[in-house]
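The chain that follows stands alone, in the form predicted on its own, written as structure tokens.
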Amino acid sequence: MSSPTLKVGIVGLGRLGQRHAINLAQRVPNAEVVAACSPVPAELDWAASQLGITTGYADYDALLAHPGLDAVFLVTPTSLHADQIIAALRAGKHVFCEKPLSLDLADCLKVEAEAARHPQLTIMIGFVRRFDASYHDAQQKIAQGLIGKPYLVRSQTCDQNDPSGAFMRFAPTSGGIFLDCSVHDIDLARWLLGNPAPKRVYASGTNAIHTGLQAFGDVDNGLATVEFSDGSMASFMASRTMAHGHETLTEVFGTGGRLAVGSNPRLNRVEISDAHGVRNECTPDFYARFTDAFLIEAQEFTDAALGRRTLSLTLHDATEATRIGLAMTQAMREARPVEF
């Protein structure tokens, strides 16, 4: 019989890791965070003082040996994802891992192969937008035929400009703007179009503000188009230079209509009317936009690991998102179309 509570170890307690830890410790009723893991002592101190997680490990293997541990929640650098997932599976643990699965397609396939050897274990990659109420509603409407046959997705992830350029320190390991930002849009496009196979990609980019990204083969604004084998298409934009806030917008065009999610990135339902006109404040970052979705995502993983439901997305979905993101990056850097 499944335990009524999933005993979780949180791995990585940076900005997003802390938010996941708070959800698991305080907002997911059938999860219990029994240990934390980080090579940064201050992060373990935060877990102890803020959440009462007094068992901390600097070493990941030591965490995996924690008595009674059921699952790990990986919020670690992408370069560690594949090896950490495989180690957890071999230790008999359920795994949640933040996106992307990996920046290397071979590593994605290695993880899929290892997961196939442990069918009793749940493994989930954090494509959080699938758990947003509006995106879920749009997908349901498309599946019900509301807009006819969908043939084009236009989706963008645009972050507010950070004048300090603090994100630059992650540039050497992020995989570039398409794998760091557009991977969410890629996953959405596949999901909303019915998981078609990619055929060809085109991409380009520019550095409008953060010219230092050029040294890493990266850009602060990128555009890409993906052609799928069934004739459908997707168009993506990613930006790190928005003046007004974070903006996630997705449009789906069908033979009988169009759906749009996030056309106005409003912070709330307050409208301001003053000498500047009529306006609303905008979401400052991705977490403000998807706060509820992060909680629903954590709850689905917990319920699936406890055997109460099946996951609504697969490990292969994560592999395909990486595969397409890598092709988009290659197309931009080599200034040529890339075929699959």
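No experiment lies behind these values; they were computed from the predicted model shown. Note that residue numbering begins at 1 and tracks the sequence as displayed.
There is another form of the same protein, the form predicted together with a small molecule; it is not shown, and what comes next is about it.
- The contact residue chosen from 210, 93, 81, 190 relative to the small molecule in the predicted complex is 81, the criterion being a non-hydrogen atom within 4.5 angstroms.
- Residue in contact with the small molecule in the predicted complex (any heavy atom within 4.5 Å), chosen from 107, 98, 220, 247: 98.
- Of the stretches 201-209, 221-229, 132-140, 162-170, only 162-170 has residues with a heavy atom within 4.5 Å of the small molecule in the predicted complex.
- In the predicted complex, none of the heavy atoms of residue 254 sits within 4.5 Å of a heavy atom of the small molecule.
- In the predicted complex, the small molecule lies within 4.5 Å of some heavy atom of residue 17.
- Within this chain, residue 124 is remote from the site of the small molecule in the predicted complex, having no heavy atom within 4.5 Å.
- In the predicted complex, none of the heavy atoms of residue 196 sits within 4.5 Å of a heavy atom of the small molecule.
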